[in-house]
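Shown here is one chain on its own, the form predicted on its own, set out as structure tokens.
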């Protein structure tokens, strides 16, 4: 049997791409994933923040589209865990006052609510933030929400299966081979053929395309997140501290996610430390107690690490790399925030229903380019 499209990778991008193709009814579609379930690798390890605080015009559009797709998944599945409307408070010192003010005005011009707060206003709304410096300022964006990437991907996957999607979970693809009439996908003793193949395997996409003699400009780097137990409970929104890059995400009445452990050097997606390192664990505890005294009694539940895909210009890689062979990679640390929109776009590009020339994955040759953070308030890093 020949498939019209095979999608390799079942994270947020891959499941959305498979769902989009299934909705279009273009012919048999197969989703292949090396893990036993969907969104069990880097997607599951993400912080899950969805915010309008992006500066690139494309990102603004993709976040808005992703919001719609996350909300649709919530409504169609009835799974309330898919998103939580916490709002986000971005903290900074006075030297960022102009930047925060500009971002607030930019959002309001687009009809998106945003307010700048001084310390008194911050503590009026969230008195638990009792250890902030007296000159702390904040940017409040109440529309921002937290998403559960695994719950979203499972909902998209279930709906796609009802539309005819075939799936092979727990199956690791060994190589891809472009042919005169399409692409072969080899996984152990199994071989599938398709007119088109979309590699959406996150940071592993580079290694897989290497098997076809294609090198994309993608460098995996490591990020870390921890889960803290606050036995007395707490009341907080999502928090992002610009000066330390620490972020906090509520995760139930006693559980708080905390991250800042970005390691901006290349890691092997088949061999990296998947737990938080000692330095990160010690540092994140100190950082959280710097915000609030209630964290003094916090305990560590667990810590973990995942990989992000850096690109030379910090933009995604979406498009053709050979006849019939496509890739969607390069999340740059905020792939979940834009994930549904980018997965949808990747499917449409692979099926010749959309174009994205600015995202051409071969627009720059592979090189040892410096890895830079992707999600920032500034556009000139």
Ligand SMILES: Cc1cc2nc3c(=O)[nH]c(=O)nc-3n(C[C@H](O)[C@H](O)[C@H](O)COP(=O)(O)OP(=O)(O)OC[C@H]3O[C@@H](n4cnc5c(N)ncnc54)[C@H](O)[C@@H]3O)c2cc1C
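Please read these numbers as outputs of a predicted model, since none were measured by experiment. Positions refer to the first chain, counted from 1.
The protein also exists as the form predicted in complex with the ligand; that form is not presented, and the subsequent description refers to it.
Enquirer: Residue-level contact is defined here as any heavy atom of the residue lying within 4.5 Å of the ligand in the predicted bound form; does residue 29 satisfy this criterion?
Expert: Heavy-atom contact with the ligand at 4.5 Å: absent for residue 29.
Enquirer: Just to confirm, residue 247 within 4.5 Å of the ligand in the predicted bound form by heavy atoms?
Expert: Within the cut-off, so yes.
Enquirer: Is it the case that residue 18, even though its partner is missing from this view, gets within 4.5 Å of the ligand in the predicted bound form, heavy atoms only?
Expert: The answer is no: residue 18 has no heavy atom within 4.5 Å of the ligand.
Enquirer: So, in the predicted bound form, is residue 348 in contact with the ligand at a 4.5 angstroms heavy atom limit?
Expert: No, residue 348 sits far enough from the ligand in the predicted bound form that none of its heavy atoms falls within 4.5 Å.
Enquirer: Going by heavy atoms within 4.5 Å, which of 193 to 201, 99 to 107, 120 to 128, 294 to 302 lines up against the ligand in the predicted bound form?
Expert: Contact criterion met by 193 to 201 only.
Enquirer: Is it true that 22, 67 and 161, all three, sit within 4.5 Å of the ligand in the predicted bound form, judged by heavy atoms?
Expert: No, none of the three is in contact.
Enquirer: Considering non-hydrogen atoms and a 4.5 Å limit, which listed residue (242, 228, 239, 208) is close to the ligand in the predicted bound form?
Expert: When the ligand is considered in the predicted bound form, the option within 4.5 Å is 208.
Enquirer: Though the partner is not shown here, which residues of 308 to 339 have a heavy atom within 4.5 Å of the ligand in the predicted bound form?
Expert: Going through 308 to 339 in order - heavy atoms within 4.5 Å of the ligand in the predicted bound form - the hits are 308, 331, 333, 334, 335, 336, 337.
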